[in-house]
Structure formats: C-alpha cells, structure tokens
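As structure tokens, one chain now follows by itself in the form predicted on its own.
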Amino acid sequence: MSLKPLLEYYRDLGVKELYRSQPVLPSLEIPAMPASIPLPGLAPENDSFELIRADIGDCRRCRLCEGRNKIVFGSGSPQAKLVFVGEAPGQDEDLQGLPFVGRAGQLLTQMINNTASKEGIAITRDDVYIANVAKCRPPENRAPLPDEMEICGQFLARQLEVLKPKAICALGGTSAKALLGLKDGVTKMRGNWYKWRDFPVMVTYHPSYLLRAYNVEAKREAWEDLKKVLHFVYD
C-alpha cells in the first residue's frame, strides 16, 4: 500500500497523533509509533462489516467517487463459506447499490443455483457472499486502475478476513490479479487453485465474458470451475 491512502486510513480510524523514534526515509519526516503503542493493522481488532461500512463512509479516497451513484459494498450471507470476487460495479450495480444485479449478475445467479442443484449441493446465491475489488463504478465500465484497486482493496481484504471463507472464487482476470498479484491471463489461471493469504482461491471467467455468444467453450470451462469450487467448499 502506498503511503498516502494508508495515512488517510489511519486518520479515518481516529488515529490523530503519531510519535517518531526515527525517520522512515531520510527526506521525509514520517513518524513511527513506539513499540509499546503499535499502529493499528489494516484490520482493527474485532473487525466487522459494520466497522468496515463505517470506515468506508462516503468514500472520497480516489477519483471513482466523482461519477458514482452508490457505493457497492457487497451482498450475501455473513456466514458464507464461499465468496465470489468481481472487479467493479457496472451501471445496474451503481444504481441499486448491490453487486452483480445486471445481465452478468443474473447469469452468475443461474450458474450458482443451477450447478449446486445439479450437483446435489443445497445452496443458492443467497448462501454465498459476493463483492468487488472496487466499490464504485469506474467511468464507462472500464477496469479499475491499480491505485484505485489498492485503495479500495483494503476494504475487500477486511471483508474476506471477517468472513473467513473456506474458498474464494475470483471472477475474471482483474480480480484474480488484484488478489494474487500474478501477471498471467485468466485463460491460463482459470480452473487452478491459488492462495490469498491462507484462503484457497479458484480463478474462473467473469460472467460478462461468458455472455458473448462465441464463448461456448469458455462457458463449459466456467461451469467446470464452479463445480470444482462448490464441491471443495460444501462436500
């Protein structure tokens, strides 16, 4: 995390004073807490969705606030064992304040519900949790930029730590790269297991990619990926 958003984050948590033992960099007087009063980590003790929402507030930390209608926090079960992570809200999500409610979201709902039913797994979309790396809609639905994902990613990280899911499913290359820090494309990563901190991560295609009529093989692969992650979590 770069310095500016981190200091803004401490400010939003109510940290008003920092005490310096040594400068962190010779050219900057960046104070450091003494060992007896450690700085709060990226997640405060006893973190919760309520605290995360309060810390986000009417977020103005990056340029995405300029064009958004609503912050899209996430939705689903707070006891979810499986979390789906997309890249950013689209127009429908921005209007409703909920993730994956447009055409791509409807396809994701069908994929979760139908695959679980066919595999004899008694869950629906309501039993999982769904969030995005970025909480605000980028202009013209472009992919969020690295600094936007860095600033907003701290809140996604806190959501995942609160949920402590058995697995995470990264939807599309942007979310996979944000979680894993890899440069490989989604075609190479999909269907494989990785780890974010101690949590297993399955990478698959974003539902918006699957809406394109020519992606017949990708649709089959995505269904296979979903079957794999559902059985891993719920068997």
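Nothing here was measured: the structure is a model prediction, and the numbers come from that model. Residue numbers here begin at 1 and follow the sequence given.
Not on display, but discussed next: the form predicted together with ligand URA.
Though ligand URA is absent from this view, in the model of the complex it lies within 4.5 Å of a heavy atom of just one residue from Leu163, Ala88, Ile112, Leu82, which is Ala88. Among residues of the shown chain, Pro99 is one whose heavy atoms approach ligand URA to within 4.5 Å in the model of the complex. Shown alone here, Arg190 lies farther than 4.5 Å from ligand URA in the model of the complex, counting heavy atoms only.
Contact annotation for Lys177: none of its heavy atoms lies within 4.5 Å of ligand URA in the model of the complex. Residues from 165-184 do not approach ligand URA in the model of the complex: none has a non-hydrogen atom within 4.5 Å of it.
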